[in-house]
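Provided below as C-alpha coordinates are two forms of one protein chain, presented individually as structure 1 and structure 2.
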Structure 1
(Lines of atoms letter the chains of each structure in order from A and count residues from 1; the text may use other names and numbers.)
(Lines give C-alpha, C1' and ligand atoms only; values in the text may rest on other atoms or scores of the structure.)
Protein backbone atom coordinates (compact mmCIF):
# COMPACT_ATOMS: atom_id res chain seq x y z
CA UNK A 1 0.00 0.00 0.00
CA UNK A 2 1.36 3.31 -1.02
CA UNK A 3 2.02 6.27 1.14
CA UNK A 4 -0.57 8.53 -0.52
CA UNK A 5 -3.96 8.17 -2.14
CA UNK A 6 -3.54 7.92 -5.90
CA UNK A 7 -4.49 10.56 -8.49
CA UNK A 8 -3.84 13.66 -6.45
CA UNK A 9 -4.04 15.77 -9.58
CA UNK A 10 -7.46 14.46 -10.54
CA UNK A 11 -8.77 14.95 -7.02
CA UNK A 12 -7.62 18.56 -7.10
CA UNK A 13 -9.36 19.14 -10.43
CA UNK A 14 -12.61 17.73 -9.17
CA UNK A 15 -12.51 19.55 -5.84
CA UNK A 16 -11.80 22.82 -7.60
CA UNK A 17 -14.66 22.45 -10.06
CA UNK A 18 -17.06 21.56 -7.26
CA UNK A 19 -16.07 24.51 -5.13
CA UNK A 20 -16.08 26.95 -8.02
CA UNK A 21 -19.62 25.81 -8.77
CA UNK A 22 -20.77 25.96 -5.16
CA UNK A 23 -19.24 29.26 -4.08
CA UNK A 24 -17.91 30.93 -7.18
CA UNK A 25 -14.32 31.21 -8.32
CA UNK A 26 -13.18 34.16 -6.26
CA UNK A 27 -14.88 33.16 -3.07
CA UNK A 28 -12.89 29.92 -3.15
CA UNK A 29 -9.36 29.77 -1.76
CA UNK A 30 -6.66 27.36 -2.85
CA UNK A 31 -6.45 26.14 0.75
CA UNK A 32 -10.09 25.04 0.53
CA UNK A 33 -9.53 23.18 -2.72
CA UNK A 34 -6.50 21.38 -1.37
CA UNK A 35 -8.31 20.49 1.85
CA UNK A 36 -11.24 18.96 -0.03
CA UNK A 37 -8.77 16.89 -2.04
CA UNK A 38 -7.03 15.79 1.16
CA UNK A 39 -3.87 17.72 0.29
CA UNK A 40 -2.19 21.01 1.12
CA UNK A 41 -1.96 24.32 -0.66
CA UNK A 42 1.73 23.69 -1.42
CA UNK A 43 0.88 20.52 -3.28
CA UNK A 44 -1.80 22.26 -5.32
CA UNK A 45 0.84 24.61 -6.70
CA UNK A 46 3.08 21.69 -7.59
CA UNK A 47 0.38 20.36 -9.90
CA UNK A 48 -1.00 23.60 -11.31
CA UNK A 49 0.71 26.86 -12.09
CA UNK A 50 -2.12 28.90 -10.63
CA UNK A 51 -5.67 28.82 -9.36
CA UNK A 52 -7.16 29.09 -12.85
CA UNK A 53 -5.07 26.48 -14.57
CA UNK A 54 -6.79 23.68 -12.68
CA UNK A 55 -9.80 24.14 -14.96
CA UNK A 56 -7.74 23.79 -18.13
CA UNK A 57 -5.99 20.49 -17.66
CA UNK A 58 -7.57 19.02 -20.79
CA UNK A 59 -6.18 21.69 -23.10
CA UNK A 60 -3.22 19.60 -24.20
CA UNK A 61 -5.37 16.70 -25.26
CA UNK A 62 -7.63 19.09 -27.13
CA UNK A 63 -4.71 20.48 -29.06
CA UNK A 64 -3.41 17.06 -29.97
CA UNK A 65 -6.80 16.03 -31.25
CA UNK A 66 -7.18 19.18 -33.30
CA UNK A 67 -3.70 18.98 -34.82
CA UNK A 68 -3.98 15.23 -35.37
CA UNK A 69 -7.24 15.70 -37.23
CA UNK A 70 -5.56 18.04 -39.67
CA UNK A 71 -2.28 16.14 -40.07
CA UNK A 72 -3.85 12.72 -40.47
CA UNK A 73 -6.39 13.73 -43.09
CA UNK A 74 -5.68 12.01 -46.41
CA UNK A 75 -3.89 14.31 -48.86
CA UNK A 76 -6.85 14.19 -51.21
CA UNK A 77 -8.91 16.19 -48.72
CA UNK A 78 -8.70 19.93 -49.42
CA UNK A 79 -7.13 21.90 -46.55
CA UNK A 80 -10.18 23.77 -45.34
CA UNK A 81 -12.11 20.53 -45.36
CA UNK A 82 -9.46 18.96 -43.16
CA UNK A 83 -9.92 21.77 -40.67
CA UNK A 84 -13.66 21.35 -40.70
CA UNK A 85 -13.19 17.65 -40.00
CA UNK A 86 -10.86 18.38 -37.10
CA UNK A 87 -13.38 20.79 -35.62
CA UNK A 88 -16.07 18.12 -35.83
CA UNK A 89 -13.76 15.73 -34.06
CA UNK A 90 -13.51 18.25 -31.25
CA UNK A 91 -17.27 18.54 -31.28
CA UNK A 92 -17.63 14.81 -30.68
CA UNK A 93 -15.19 15.05 -27.79
CA UNK A 94 -17.21 17.85 -26.24
CA UNK A 95 -20.42 15.93 -26.69
CA UNK A 96 -19.00 12.82 -25.04
CA UNK A 97 -17.91 14.86 -22.02
CA UNK A 98 -20.82 17.21 -21.75
CA UNK A 99 -21.20 16.39 -18.06
CA UNK A 100 -17.82 17.95 -17.49
CA UNK A 101 -17.90 20.56 -20.24
CA UNK A 102 -21.19 22.23 -19.35
CA UNK A 103 -20.62 22.94 -15.64
CA UNK A 104 -17.07 23.99 -16.45
CA UNK A 105 -18.44 26.45 -18.97
CA UNK A 106 -20.86 27.82 -16.39
CA UNK A 107 -17.97 28.54 -14.04
CA UNK A 108 -15.87 30.19 -16.70
CA UNK A 109 -18.62 32.38 -18.05
CA UNK A 110 -19.22 33.73 -14.55
CA UNK A 111 -15.68 35.03 -14.17
CA UNK A 112 -13.58 37.38 -16.34
CA UNK A 113 -10.25 36.06 -15.12
CA UNK A 114 -11.24 32.59 -16.24
CA UNK A 115 -12.42 33.96 -19.56
CA UNK A 116 -9.00 35.46 -20.06
CA UNK A 117 -7.40 32.10 -19.50
CA UNK A 118 -9.87 30.46 -21.84
CA UNK A 119 -9.05 32.98 -24.53
CA UNK A 120 -5.32 32.39 -24.31
CA UNK A 121 -5.92 28.64 -24.52
CA UNK A 122 -7.99 29.22 -27.63
CA UNK A 123 -5.17 31.33 -29.04
CA UNK A 124 -2.84 28.42 -28.34
CA UNK A 125 -5.16 26.16 -30.31
CA UNK A 126 -5.13 28.63 -33.18
CA UNK A 127 -1.34 28.67 -33.10
CA UNK A 128 -1.14 24.88 -33.17
CA UNK A 129 -3.65 24.79 -35.98
CA UNK A 130 -1.62 27.34 -37.89
CA UNK A 131 1.48 25.17 -37.64
CA UNK A 132 -0.48 22.12 -38.72
CA UNK A 133 -1.88 23.91 -41.74
CA UNK A 134 1.58 25.07 -42.72
CA UNK A 135 2.74 21.48 -42.64
CA UNK A 136 -0.15 20.69 -44.95
CA UNK A 137 1.27 23.13 -47.44
CA UNK A 138 -0.83 26.23 -46.78
CA UNK A 139 1.05 29.48 -47.20
CA UNK A 140 1.70 31.70 -44.24
CA UNK A 141 -0.78 34.53 -43.79
CA UNK A 142 -3.56 32.30 -45.08
CA UNK A 143 -2.65 29.51 -42.67
CA UNK A 144 -2.82 31.84 -39.72
CA UNK A 145 -6.00 33.57 -40.81
CA UNK A 146 -7.93 30.42 -41.55
CA UNK A 147 -6.80 28.93 -38.24
CA UNK A 148 -8.07 31.97 -36.36
CA UNK A 149 -11.29 31.86 -38.32
CA UNK A 150 -11.72 28.17 -37.56
CA UNK A 151 -11.32 28.74 -33.84
CA UNK A 152 -13.83 31.58 -34.00
CA UNK A 153 -16.24 29.29 -35.79
CA UNK A 154 -15.85 26.68 -33.11
CA UNK A 155 -16.33 29.18 -30.33
CA UNK A 156 -19.50 30.59 -31.84
CA UNK A 157 -20.86 27.11 -32.49
CA UNK A 158 -20.05 26.11 -28.93
CA UNK A 159 -21.94 29.07 -27.52
CA UNK A 160 -24.89 28.30 -29.72
CA UNK A 161 -24.73 24.72 -28.45
CA UNK A 162 -24.61 25.73 -24.80
CA UNK A 163 -27.34 28.30 -24.90
CA UNK A 164 -29.56 26.55 -27.41
CA UNK A 165 -32.07 23.73 -27.10
CA UNK A 166 -30.86 20.49 -25.60
CA UNK A 167 -31.09 18.42 -28.76
CA UNK A 168 -28.80 20.57 -30.89
CA UNK A 169 -25.79 18.75 -32.29
CA UNK A 170 -22.50 20.57 -31.85
CA UNK A 171 -20.91 19.06 -34.95
CA UNK A 172 -23.67 20.32 -37.20
CA UNK A 173 -23.60 23.70 -35.49
CA UNK A 174 -19.92 23.83 -36.42
CA UNK A 175 -20.79 23.00 -40.02
CA UNK A 176 -23.46 25.61 -40.29
CA UNK A 177 -21.37 28.27 -38.54
CA UNK A 178 -18.60 27.70 -41.03
CA UNK A 179 -21.08 28.20 -43.85
CA UNK A 180 -22.35 31.37 -42.17
CA UNK A 181 -18.82 32.68 -41.99
CA UNK A 182 -18.21 31.96 -45.65
CA UNK A 183 -21.31 33.91 -46.56
CA UNK A 184 -20.60 36.80 -44.21
CA UNK A 185 -17.00 37.31 -45.18
CA UNK A 186 -17.49 37.15 -48.93
CA UNK A 187 -17.45 40.55 -50.63
CA UNK A 188 -21.01 41.79 -50.32
Structure 2
Protein backbone atom coordinates (compact mmCIF):
# COMPACT_ATOMS: atom_id res chain seq x y z
CA UNK A 1 0.00 0.00 0.00
CA UNK A 2 1.41 3.36 -0.98
CA UNK A 3 1.99 5.84 1.79
CA UNK A 4 0.30 8.48 -0.39
CA UNK A 5 -3.11 6.82 -0.29
CA UNK A 6 -5.84 8.70 1.55
CA UNK A 7 -7.03 8.23 5.14
CA UNK A 8 -3.63 8.00 6.79
CA UNK A 9 -5.17 8.57 10.22
CA UNK A 10 -7.69 5.76 9.79
CA UNK A 11 -5.02 3.43 8.47
CA UNK A 12 -2.82 4.20 11.47
CA UNK A 13 -5.71 3.55 13.87
CA UNK A 14 -6.50 0.23 12.22
CA UNK A 15 -2.85 -0.85 12.14
CA UNK A 16 -2.34 0.10 15.79
CA UNK A 17 -5.40 -1.81 16.95
CA UNK A 18 -4.37 -4.89 15.00
CA UNK A 19 -0.87 -4.80 16.47
CA UNK A 20 -2.06 -4.07 20.00
CA UNK A 21 -4.33 -7.12 19.81
CA UNK A 22 -1.70 -9.35 18.20
CA UNK A 23 1.29 -8.55 20.36
CA UNK A 24 0.07 -6.31 23.18
CA UNK A 25 0.14 -2.57 23.66
CA UNK A 26 3.48 -2.48 25.51
CA UNK A 27 5.30 -4.55 22.89
CA UNK A 28 4.06 -2.53 19.93
CA UNK A 29 6.17 0.35 18.63
CA UNK A 30 5.27 3.40 16.60
CA UNK A 31 7.62 2.20 13.87
CA UNK A 32 5.65 -1.07 13.61
CA UNK A 33 2.33 0.78 13.50
CA UNK A 34 3.52 3.09 10.73
CA UNK A 35 4.99 0.19 8.75
CA UNK A 36 1.76 -1.84 9.05
CA UNK A 37 -0.20 1.17 7.78
CA UNK A 38 2.25 1.66 4.91
CA UNK A 39 3.32 5.04 6.28
CA UNK A 40 6.33 6.62 7.90
CA UNK A 41 6.98 7.20 11.57
CA UNK A 42 6.93 10.92 10.81
CA UNK A 43 3.41 10.60 9.42
CA UNK A 44 2.34 8.81 12.59
CA UNK A 45 3.51 11.76 14.68
CA UNK A 46 1.65 14.21 12.45
CA UNK A 47 -1.56 12.53 13.58
CA UNK A 48 -0.82 11.30 17.12
CA UNK A 49 1.43 12.51 19.94
CA UNK A 50 2.23 8.94 21.00
CA UNK A 51 0.92 5.41 20.64
CA UNK A 52 -1.62 5.90 23.47
CA UNK A 53 -3.27 8.75 21.59
CA UNK A 54 -4.41 6.32 18.90
CA UNK A 55 -6.81 5.00 21.56
CA UNK A 56 -7.81 8.35 23.08
CA UNK A 57 -7.75 10.84 20.22
CA UNK A 58 -11.56 10.88 20.00
CA UNK A 59 -12.10 12.22 23.53
CA UNK A 60 -12.60 15.77 22.27
CA UNK A 61 -15.30 14.70 19.87
CA UNK A 62 -17.07 12.78 22.63
CA UNK A 63 -16.96 15.81 24.90
CA UNK A 64 -18.27 18.11 22.17
CA UNK A 65 -21.10 15.77 21.29
CA UNK A 66 -22.08 15.23 24.92
CA UNK A 67 -21.97 18.90 25.87
CA UNK A 68 -23.60 19.98 22.60
CA UNK A 69 -26.43 17.52 23.11
CA UNK A 70 -27.20 19.05 26.50
CA UNK A 71 -26.69 22.71 25.59
CA UNK A 72 -28.48 22.53 22.24
CA UNK A 73 -31.58 20.79 23.56
CA UNK A 74 -34.66 23.01 23.39
CA UNK A 75 -35.38 24.90 26.63
CA UNK A 76 -38.64 22.97 27.00
CA UNK A 77 -36.71 19.69 27.39
CA UNK A 78 -36.09 18.95 31.08
CA UNK A 79 -32.36 19.01 31.91
CA UNK A 80 -32.06 15.28 32.66
CA UNK A 81 -33.88 14.42 29.45
CA UNK A 82 -31.35 16.57 27.59
CA UNK A 83 -28.61 14.45 29.19
CA UNK A 84 -30.39 11.25 28.18
CA UNK A 85 -30.60 12.50 24.60
CA UNK A 86 -26.91 13.40 24.60
CA UNK A 87 -25.99 9.93 25.91
CA UNK A 88 -28.08 8.32 23.19
CA UNK A 89 -26.25 10.45 20.63
CA UNK A 90 -22.93 9.11 21.96
CA UNK A 91 -24.35 5.60 21.77
CA UNK A 92 -25.22 6.07 18.10
CA UNK A 93 -21.69 7.29 17.40
CA UNK A 94 -20.21 4.26 19.17
CA UNK A 95 -22.54 1.91 17.33
CA UNK A 96 -21.48 3.37 13.98
CA UNK A 97 -17.84 2.72 14.90
CA UNK A 98 -18.32 -0.68 16.53
CA UNK A 99 -15.52 -2.22 14.42
CA UNK A 100 -13.05 0.16 16.13
CA UNK A 101 -14.72 0.53 19.52
CA UNK A 102 -14.71 -3.16 20.43
CA UNK A 103 -11.01 -3.82 19.72
CA UNK A 104 -10.15 -0.54 21.47
CA UNK A 105 -12.04 -1.74 24.53
CA UNK A 106 -10.18 -5.08 24.51
CA UNK A 107 -6.82 -3.33 24.30
CA UNK A 108 -7.64 -0.93 27.15
CA UNK A 109 -9.07 -3.71 29.32
CA UNK A 110 -5.80 -5.64 29.03
CA UNK A 111 -3.57 -2.78 30.22
CA UNK A 112 -3.78 -1.10 33.68
CA UNK A 113 -2.05 2.08 32.44
CA UNK A 114 -4.63 2.45 29.68
CA UNK A 115 -7.47 1.70 32.11
CA UNK A 116 -6.24 4.58 34.24
CA UNK A 117 -6.16 6.85 31.21
CA UNK A 118 -9.73 5.79 30.34
CA UNK A 119 -10.88 6.70 33.86
CA UNK A 120 -9.25 10.11 33.51
CA UNK A 121 -11.09 10.59 30.21
CA UNK A 122 -14.39 9.64 31.89
CA UNK A 123 -13.72 12.10 34.72
CA UNK A 124 -13.18 14.81 32.11
CA UNK A 125 -16.46 13.92 30.43
CA UNK A 126 -18.24 14.07 33.80
CA UNK A 127 -16.78 17.53 34.45
CA UNK A 128 -17.79 18.77 30.99
CA UNK A 129 -21.29 17.39 31.54
CA UNK A 130 -21.45 19.05 34.97
CA UNK A 131 -20.57 22.39 33.37
CA UNK A 132 -23.21 21.85 30.67
CA UNK A 133 -25.83 21.08 33.31
CA UNK A 134 -24.92 24.28 35.14
CA UNK A 135 -25.34 26.22 31.89
CA UNK A 136 -28.85 24.76 31.67
CA UNK A 137 -29.62 26.19 35.10
CA UNK A 138 -29.05 23.12 37.27
CA UNK A 139 -27.46 24.15 40.56
CA UNK A 140 -24.82 22.26 42.51
CA UNK A 141 -24.69 19.66 43.91
CA UNK A 142 -27.45 18.38 41.60
CA UNK A 143 -25.46 19.33 38.47
CA UNK A 144 -22.47 17.28 39.53
CA UNK A 145 -24.41 14.37 40.99
CA UNK A 146 -26.54 13.97 37.89
CA UNK A 147 -23.53 14.30 35.56
CA UNK A 148 -21.55 11.67 37.47
CA UNK A 149 -24.61 9.40 37.47
CA UNK A 150 -25.08 9.91 33.73
CA UNK A 151 -21.47 8.88 33.04
CA UNK A 152 -21.96 5.83 35.27
CA UNK A 153 -25.12 4.95 33.31
CA UNK A 154 -23.21 5.20 30.05
CA UNK A 155 -20.34 3.05 31.35
CA UNK A 156 -22.73 0.34 32.58
CA UNK A 157 -24.61 0.37 29.27
CA UNK A 158 -21.33 0.26 27.36
CA UNK A 159 -20.10 -2.77 29.35
CA UNK A 160 -23.41 -4.51 28.66
CA UNK A 161 -23.05 -3.66 24.97
CA UNK A 162 -19.49 -4.94 24.53
CA UNK A 163 -20.23 -8.17 26.39
CA UNK A 164 -23.65 -8.76 24.85
CA UNK A 165 -24.84 -10.01 21.49
CA UNK A 166 -23.48 -8.32 18.37
CA UNK A 167 -26.85 -6.88 17.42
CA UNK A 168 -27.45 -5.20 20.79
CA UNK A 169 -28.38 -1.53 20.49
CA UNK A 170 -26.26 0.70 22.72
CA UNK A 171 -28.82 3.52 22.70
CA UNK A 172 -31.47 1.09 24.02
CA UNK A 173 -29.07 -0.11 26.68
CA UNK A 174 -28.42 3.51 27.71
CA UNK A 175 -32.18 4.11 28.01
CA UNK A 176 -32.77 0.92 30.00
CA UNK A 177 -29.78 1.60 32.28
CA UNK A 178 -31.08 5.10 32.94
CA UNK A 179 -34.51 3.68 33.77
CA UNK A 180 -32.91 1.13 36.10
CA UNK A 181 -31.10 3.96 37.90
CA UNK A 182 -34.32 5.96 38.18
CA UNK A 183 -36.08 2.90 39.57
CA UNK A 184 -33.31 2.19 42.06
CA UNK A 185 -33.28 5.80 43.31
CA UNK A 186 -37.09 5.91 43.55
CA UNK A 187 -37.17 2.61 45.45
CA UNK A 188 -34.74 3.94 48.05
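Residue numbers count along the first chain shown, from 1. Under this definition, the rigid core comprises the largest set of C-alpha atoms superposing within 1.5 Å between the forms. Please read all numbers here as calculations on a predicted model, not as lab measurements.
Two forms of the same chain are shown on their own. Structure 1 is the form predicted in complex with a further copy of the same chain. Superposing C-alpha atoms between structures 1 and 2 shows the smaller rigid body rotated by 21° with respect to the larger one. Here the rigid core is superposed, and residue 11 then shows its C-alpha moved by 5.8 angstrom between structures 1 and 2. Once the two forms are overlaid on the core, residue 27 shows a Cα shift of 2.4 Å between structures 1 and 2.
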